[in-house]
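Have a look below at one chain only, the form predicted on its own, in structure tokens format.
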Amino acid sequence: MEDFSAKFVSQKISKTRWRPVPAAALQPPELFATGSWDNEENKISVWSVGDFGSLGPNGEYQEEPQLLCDIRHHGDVMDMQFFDQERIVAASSTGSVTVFRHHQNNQTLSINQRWERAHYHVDPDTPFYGGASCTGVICNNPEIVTVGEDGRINLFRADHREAVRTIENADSSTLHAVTFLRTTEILTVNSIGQLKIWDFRQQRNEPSQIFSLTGDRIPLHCVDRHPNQQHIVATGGQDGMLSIWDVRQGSMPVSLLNAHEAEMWEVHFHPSNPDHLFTCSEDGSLWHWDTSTDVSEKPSFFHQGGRSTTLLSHTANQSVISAWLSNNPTKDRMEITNLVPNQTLSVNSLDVLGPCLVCGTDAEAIYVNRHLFA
């Protein structure tokens, strides 16, 4: 934890996201947003990790994130994504989806747009619509895709008042997360261990492909796509396992890796260095998975509580395309470091960008590491 600066925020943090850095910019990210849950009043907050700080007792420079602004959010923040440099999309447990705008000139947040009843349950006996949690949101400007516990998929466009497309009964179980595979294709994960690919070019409301973990129907909570190789996908779920999939072939994962002791809440490939992957869990751990070099070639500097190496178990024979799909036994080792070895409460969310990582916890704290690869 020595590389982390901690900020205690008096609210349980459900989501943390870096504001994207302009493509031409070389500087590390400076702003991130958080969303809270399970508090009397939940908030979307924007923080700066600029050069604030104070000198510690030994003259060392201590940085901590500074709150720039916040705004009330109705319901728990179930998911959150930056839409662009100024706008943040938040998914609510009430079923609504809200776009907030960050005004940097006076450091305020305002509601830019809201789809009130994006996800809902219909009571068959009354004309009453009960809100269903919007569990996942993903943005690819100008489009926003949301999924929910009602099994519905919505395709929104910024500045359009109504959904561009809705797949009503996309799933009979809860959809937990969604990611773009390509501009016209999304991938969802659900509460019975399935991945489904949906192609918005097709008019029929059925998935173009279905993948399944095992016969055990273990709920999947999170998914991320490899930034360079769109056929490689990572998922995590209730059993804490990390699964790597190649969606071009087979219907089962390429690799199953023993990971956390409890539910895995998020998985993220590093966007510009995808040999590095990060996962966080209900068990209070945050893991950094490094496949960039053969572990045997380099010294091991593990944090206390970190695991050293793990061996991939394979369910399919693969050619070597990526470190994540490698089937060469000497390369099937990776370095794993637990970045928060002494955490006790759930690490609910993480995000990585450039040399920086941010995570949010049920311990009412956010942690920032600005020197991931130091």
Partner chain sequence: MLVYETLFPKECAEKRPGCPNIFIVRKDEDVYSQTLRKLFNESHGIFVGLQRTEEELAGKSRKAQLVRVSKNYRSVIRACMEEMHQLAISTRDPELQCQHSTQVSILSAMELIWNLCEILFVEVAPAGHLLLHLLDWVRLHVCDVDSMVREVLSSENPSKHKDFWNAVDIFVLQGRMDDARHLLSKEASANPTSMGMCKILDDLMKKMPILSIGNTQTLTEMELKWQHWHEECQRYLQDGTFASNLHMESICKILLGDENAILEKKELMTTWYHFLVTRLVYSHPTVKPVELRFYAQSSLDLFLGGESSPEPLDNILMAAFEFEIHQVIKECSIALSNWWFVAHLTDLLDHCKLLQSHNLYFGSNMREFLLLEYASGLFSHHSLWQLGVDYFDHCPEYGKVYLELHIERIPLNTEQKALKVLRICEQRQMHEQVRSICKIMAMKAVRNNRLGSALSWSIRAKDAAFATLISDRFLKDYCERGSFSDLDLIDNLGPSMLLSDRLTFLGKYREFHRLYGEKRFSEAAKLLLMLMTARIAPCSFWMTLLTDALPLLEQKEVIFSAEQTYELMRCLEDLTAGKTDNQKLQVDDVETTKVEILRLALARNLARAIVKEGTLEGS
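Residue numbers count along the first chain shown, from 1. Predicted model, so just to flag it, every value in this text is computed and none were measured.
Unshown form predicted together with its partner chain; subsequent notes refer to it.
Proximity of Leu67 to its partner chain in the predicted complex falls outside the 4.5 Å heavy atom cutoff. In the predicted complex, its partner chain stays beyond 4.5 Å of every heavy atom belonging to Thr16.
A residue is said to contact a partner when one of its heavy atoms sits within 4.5 Å of a partner heavy atom; Asp171 meets this definition for its partner chain in the predicted complex. Of the heavy atoms in Asp150, some are within 4.5 Å of its partner chain in the predicted complex. The stretch that touches its partner chain in the predicted complex, counting heavy atoms within 4.5 Å, is 189 to 197, out of 189 to 197, 96 to 104, 244 to 252, 267 to 275. Taken together, Asn39, Val122 and Asn348 are fully in contact with its partner chain in the predicted complex: each brings a heavy atom within 4.5 Å. Contact annotation: of the candidates Glu143, Glu185, Asp290, Glu263, the single residue with a non-hydrogen atom within 4.5 angstroms of its partner chain in the predicted complex is Glu263. Proximity to its partner chain in the predicted complex, taken as a non-hydrogen atom within 4.5 angstroms, holds for one residue of His231, Arg157, Arg217, Arg117, which is Arg217.
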